[in-house]
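Single chain ahead, written as structure tokens, the form predicted alone.
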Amino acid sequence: MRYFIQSFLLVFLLSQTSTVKAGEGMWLPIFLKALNEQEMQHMGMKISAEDIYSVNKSSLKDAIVHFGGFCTGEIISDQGLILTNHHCGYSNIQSHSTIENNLLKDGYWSQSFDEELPNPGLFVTFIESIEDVTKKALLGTNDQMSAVERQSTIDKNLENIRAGYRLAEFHEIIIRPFYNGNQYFLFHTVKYNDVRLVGTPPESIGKFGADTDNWVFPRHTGDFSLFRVYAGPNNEPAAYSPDNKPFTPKHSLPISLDGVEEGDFTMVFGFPGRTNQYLPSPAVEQIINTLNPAKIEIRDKALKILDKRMRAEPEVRLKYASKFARVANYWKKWIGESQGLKSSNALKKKYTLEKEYAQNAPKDFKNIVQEFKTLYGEIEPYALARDFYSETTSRNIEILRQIRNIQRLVTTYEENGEEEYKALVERYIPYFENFYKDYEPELDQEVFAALTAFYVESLDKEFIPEELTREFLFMRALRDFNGLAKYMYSNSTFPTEEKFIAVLGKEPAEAVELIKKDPLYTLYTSWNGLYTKAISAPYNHYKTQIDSLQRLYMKGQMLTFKDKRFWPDANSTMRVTYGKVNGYNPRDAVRYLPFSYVEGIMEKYVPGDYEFDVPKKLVKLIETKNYGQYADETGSVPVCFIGTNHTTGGNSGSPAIDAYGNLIGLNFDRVWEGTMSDINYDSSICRNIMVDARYVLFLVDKLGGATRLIDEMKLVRPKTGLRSKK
């Protein structure tokens, strides 16, 4: 096995022949000096690659945290103050909210360290260092090995690598594959487990625009919240204790009051979740033509049913507002992704690249695309059935999603006995009670009827469980799936809280027997068993082959296109992406400017509307133009701006950083027309959406009155300083 990638990457220096467009890519910070620094500085960056990532001195990376393992946050004071998105802190804000003291509704601004609220289970992770361990990880592997043999060898190698580190408490070694398993990097991390809520705007600001504005621009959402890291003695990580002190970071981000202008350099630093930029054309064809349309139509059917009831009944709207938004989120994303892939000619680009690849690839790699066509053709019916099953049973029919937990009760009883069953029931009771609080059985029954009918209409018989067949309907004298839904929900104890809780109150043996005879439980277990054998097993068989081939294809591309800089797909590890503030033209005769302002809030403002209402105090601040030092040269406060930074899920909460290393905003979304950037980044329409730091400061100061927090931040004016020297 040749360890070509490490040395190969180092020759991917910026060149005129590079096929990576400015702004594309999620780059490992340890390679910025070799691969990106020159381009970044040409685009306007005034700092060096070492200012961004260094293990020998404090750098920007020391201010970046993985927030809870699912978002990004940044340190913005020398007392461990963290800025992240409102939606990233949402569950913790919610956990502190009661009817009498509703932090979600009213917001919260602590007035002292003593008022900062602990969050059990919440943590932040810092990256101490990153190391290329490819040679050690791939020792003893070769391309002739089976996938199982290769992975087994790698797993043993990784165990040996980890064994070579002696780690302090709260420190961890994480090793991840890159370039589809052709390279491995080690991340030395340190975790802080005492993270406290410091401040949050009301939900009406943090989620302003809700589903209507989701994935779109112009945006007017103040999507931010503030937390603080606390440390034990000597500034080291420690479990929560009232005696812990605010953490002193190696670096914190100054905040620019000058903001940015169109064309200015921007950088986003964070932990993007997942991208698939190097997929072959058969995979993209399958996404556009088969998988996305199916998932969109399934959710479309569910959303129409929810929407009709929510519009007619305010009580249902209150219960289902967040559920609707959750379902609509990726429904809307998939629509934009599919349209974006088509409008950006993603397939044509893939075909062109693959033609060139086939002509120039080394002999052992030439036929890979043809092999992909065969494999993607073979996996397609199982991939489609897999998405149908997941969307139907795990995403949109609420009661079937609950049965997964009920099944755990049965399994626990049968495998571990009565005592563990009783303990699990006790833990689950509050969870079930919370589920039923916002559950409408008749509405779920209607969704069940629509989606099971669509499932049966759309898939081959081999993927249909017995309880959804015409024979079953005939046996039960049921005319259609509306009849089936009525039968299932009328004869099951699960849709009714009182009946189900009563079952759980019986002796374990009797309760388990009643659960196992329940028609919805029988359907779920039958369906799940069929899924495991007829869908999941063959899907995984082909997916293993596709993944192995994708690794070879990645290797083949890097050997073939030697003038190209390859960035590794996102995998929730620390990355840097950079671009410029820029508007865009989503369609003919339409141009979006790169900034939105507080006046736009008033244009959208609808008192009492759950999406577009805001506090009266904010209305008054805008009407009286009480903006303080946070207005820009127009005399108004910018709310959001967009740039060409390449982002994805996991970048939520990532800092937007200016040319000088100062915080200018907070990443929280992408524009709808560019959501295909996970598969095909196109700088003409791919834009990330960021809350302007000045709007954040304005809300903290003028709305929240939390001047103590403003006082601990370092506010700077880099552009003003430069202008004054001229």
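Computed from a prediction, not measured in an experiment: that's the story for all the values here. Position 1 is the first residue in the sequence shown; the rest follow in order.
Missing here is the form predicted in complex with aspartic acid (ASP); even so, the following discussion is about that form.
In the model of the complex, at least one heavy atom of residue 670 sits within 4.5 Å of a heavy atom of aspartic acid (ASP). Put simply, residue 650 is close to aspartic acid (ASP) in the model of the complex: some heavy atom of it is within 4.5 Å. Contact check for residue 87: a non-hydrogen atom falls within 4.5 Å of aspartic acid (ASP) in the model of the complex. Aspartic acid (ASP) is not drawn, but in the model of the complex it has a heavy atom within 4.5 Å of residue 215. Residues within 4.5 angstroms of aspartic acid (ASP) in the model of the complex, judged by any non-hydrogen atom, belong to 640-648 and to none of the other stretches in 559-567, 595-603, 640-648, 387-395.
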